[in-house]
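To begin, one chain is listed below as structure tokens, in the form predicted alone.
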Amino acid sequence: MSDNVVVEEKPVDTVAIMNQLPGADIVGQSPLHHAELDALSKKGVRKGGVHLRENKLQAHLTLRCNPNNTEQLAAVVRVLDVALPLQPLTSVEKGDVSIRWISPDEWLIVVPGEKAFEVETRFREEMEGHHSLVNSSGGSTILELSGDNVVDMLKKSTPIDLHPKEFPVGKVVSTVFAKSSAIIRRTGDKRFELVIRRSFADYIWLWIQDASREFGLVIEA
């Protein structure tokens, strides 16, 4: 009669992390590349109440984890050198890293596109326990909007109360924007960022042109 042998199987990490950057022979294109904003910035008007710039080809990483897990929170700091914003509707920014609170256990992390693979790899090394990290970089882009009339233009586009007392610098909301959706963050008194989906980028670009018509729209490189 042979003895029963129990073999303990160690969990295997089967997550495949892919470097999504194109090769040197391929030019990365943003959702609004066809609008030729760089060219418009050189030959368009230089004065106006609304200024627009596409912060293109950034890495967009959605993290879901337990906000009460101190080990996971510490892992985020080790990877990004900045802590997750735990207060609802807030954001943090340090250097070229910004983090937006999306829901009680969900955050949008934005870093330069060329750092996506490095950041993902570090998270897999540092983060333990139940969590999710999804790279959705190609599915979104960021529009930076500023100017003396930027709030007037935004009021045409979203039902959110943009008064500084209700929407201070650093606040983030996920909301309706021009019958589409956007993650809006206030970065200054007269400055905002919109994270928008690739599939609606062209529509929102056309909407902003129309909504800014009475104020003048300046395109910046």
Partner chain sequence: MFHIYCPHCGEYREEEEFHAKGQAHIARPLDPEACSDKEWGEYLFFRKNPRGLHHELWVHAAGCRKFFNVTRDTQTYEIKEVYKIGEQPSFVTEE
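Positions refer to the first chain, counted from 1. The structure displayed is predicted, hence computed values, not measured ones.
Just so it is clear, the following notes concern the form predicted in complex with its partner chain, a form of the same protein that is not shown.
Residue among A39, V45, V169, V176 with a heavy atom within 4.5 Å of its partner chain in the predicted complex: Filtering the options by heavy-atom distance leaves V176.
The chain here is shown without its partner chain. Which stretch in 104-112, 91-99, 76-84, 142-150 comes within 4.5 angstroms of it in the predicted complex, by heavy atom distance? One stretch meets the cut-off, namely 104-112.
Wondering, does G188 line up within 4.5 Å of its partner chain in the predicted complex on heavy atoms? Taking the distances in the predicted complex, the answer for G188 is no, it never comes within 4.5 Å of its partner chain.
Can you work out whether R53 and its partner chain are in contact in the predicted complex, taking contact to mean some heavy atom pair no more than 4.5 Å apart? The answer is no: R53 has no heavy atom within 4.5 Å of its partner chain.
What are the residues of 108-142, in order along the chain, with a heavy atom within 4.5 Å of its partner chain in the predicted complex? None of them.
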